[in-house]
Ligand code: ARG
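Let's start with one chain on its own, the form predicted alone, as structure tokens.
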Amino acid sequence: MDILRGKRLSDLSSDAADYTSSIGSDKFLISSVIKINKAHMLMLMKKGIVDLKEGCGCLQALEKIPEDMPMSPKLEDVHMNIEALVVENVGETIGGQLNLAKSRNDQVATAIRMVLREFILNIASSLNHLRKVILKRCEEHLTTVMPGYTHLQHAQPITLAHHLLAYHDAFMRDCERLMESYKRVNLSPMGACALATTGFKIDREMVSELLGFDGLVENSMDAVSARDFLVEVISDLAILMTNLSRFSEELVLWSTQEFSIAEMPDEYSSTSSIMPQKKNPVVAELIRAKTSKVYGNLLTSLSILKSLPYSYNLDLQDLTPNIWDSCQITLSSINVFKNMLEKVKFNEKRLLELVKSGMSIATELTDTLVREQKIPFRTSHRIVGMLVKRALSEGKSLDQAVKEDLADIIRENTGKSMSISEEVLGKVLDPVENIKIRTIKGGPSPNEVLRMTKERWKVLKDDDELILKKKESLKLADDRLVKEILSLKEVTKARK
């Protein structure tokens, strides 16, 4: 216990030790903290601050520490547990140099960023796999007609591909947000020490490069106390989970007997313990629920930060588990949703029936009156509204009402005779034709959706390449750290 509290304080009580310990969530940090200690010690040796022999002793001790090392809550956190193991292995004369010119404050801030950047890349990569599944499903359903909804009421005819592509684009923005956040995450706090740097002539840039960072969090107080990057990423994940939850909600609705639009795969559903006919969309339901947990983590994190004075406070320790929880929830939710969506069966016949049984062609009929009859839009809107009302009150389909009542209603409202050909009216009443003419950029016509889909594949390829580039950069930094340590060991041996 002396390694942490020295002669300044007596031992913590067992309940206080358990209460203040962070080792429950520090398991995520072990590998990163070991790397940080190696990179920092390597820098100290190169700068002549630590003797080469002593530094090599520390490095060798660090290499013996397993990534699943057991940790004692009496030592509070992963940092002190690792230092204790090094001291135990090589003695305090050598191991006691491990924390020279650094603090737990800059070390933990650095380790969190190292773990988080890996999570960001893995989540973005999984998200791109989901985007690929959606684009493939779009290509399958370019001409599958369905009702578009507003307020969960039939609005206008669209295609299933157009609907699915809307979700793809939301996830595309989620990927953009994550990679933007990555820029602010991948900056090194090392060298800030507790808050005011150090009197030793250390090289912050060297440590940053050895650990794969793109630069420094320059201001030393900002470096140790900033956690806005955590809040930013949790916010990104909350938005991502919102999009995933909305998609899940639609699949839940569509799989009901009332909609009968989609059939969920058996392996992502459950049945009832009492009602044998049931097929419950439990995976989609749980995604909705787990979304709320990420929201809670975001609010908790903001609440922890809102009243903290600069620079470091132990409150920050309680913030960190929220990001790991959010990352794990999001990553698992994306993966399970992707696998589920690949196997969802869409009922094309039912979708077409819904379009034809509704009155979603009313908007195109309104626009046609403007084009063909030269009637002002608001007058045309009123005419079609009256037509719909009459059809509903008399139990007619809109097709039937158009043929029997439209001419009379036009005459009543404008004094004009209807001058729309049967050919034009036939296309207006056909939901497929309704969709085909919507070739405006971003519209639901099959040709336009196909164009968008092709462009999304190109963007997706670029996004994959960016993620791969970032992963390769981190791997190169790891390799460099290993090579630098081996090289310095060789120099040390040669001097013996």
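For every residue, the number given is its place in the sequence shown, counted from 1. The model shown is predicted, which means the values in this text are computed figures rather than measured ones.
The following text describes the form predicted in complex with the named molecule, which does not appear among the structures shown.
Worksheet item: Which residue, Met241, Val108, Leu98, Leu369, has a heavy atom that falls within 4.5 Å of the named molecule in the predicted complex?
Response: Flagged contact: Val108.
Worksheet entry | Partner-contacting position among Tyr295, Tyr312, Phe119, Phe346 - heavy atom within 4.5 Å of the named molecule in the predicted complex | It is Tyr312.
Worksheet entry | Contact label in the predicted complex: Arg104 to the named molecule, heavy atom within 4.5 Å | Looking in the predicted complex, residue contacts with the named molecule include Arg104, since a heavy atom lies within 4.5 Å.
Fill in: Partner contact for His79 in the predicted complex: the named molecule, 4.5 angstroms, heavy atom
Answer yes; at least one heavy atom of His79 falls within 4.5 Å of the named molecule in the predicted complex.
Practice prompt. Evaluate Gln317 for contact with the named molecule in the predicted complex, applying a 4.5 angstroms cut-off between non-hydrogen atoms, and reply yes or no.
Written response: Judged by the heavy-atom cut-off of 4.5 Å, Gln317 is in contact with the named molecule in the predicted complex.
Worksheet item: Any idea which of 391 to 399, 303 to 311, 330 to 338, 71 to 79 reaches within 4.5 Å of the named molecule in the predicted complex, heavy atoms considered?
Response: One stretch meets the cut-off, namely 71 to 79.
Item to complete: Residue by residue through 282 to 296, tell me which have a non-hydrogen atom within 4.5 angstroms of the named molecule in the predicted complex.
Response: Stretch hits: zero.
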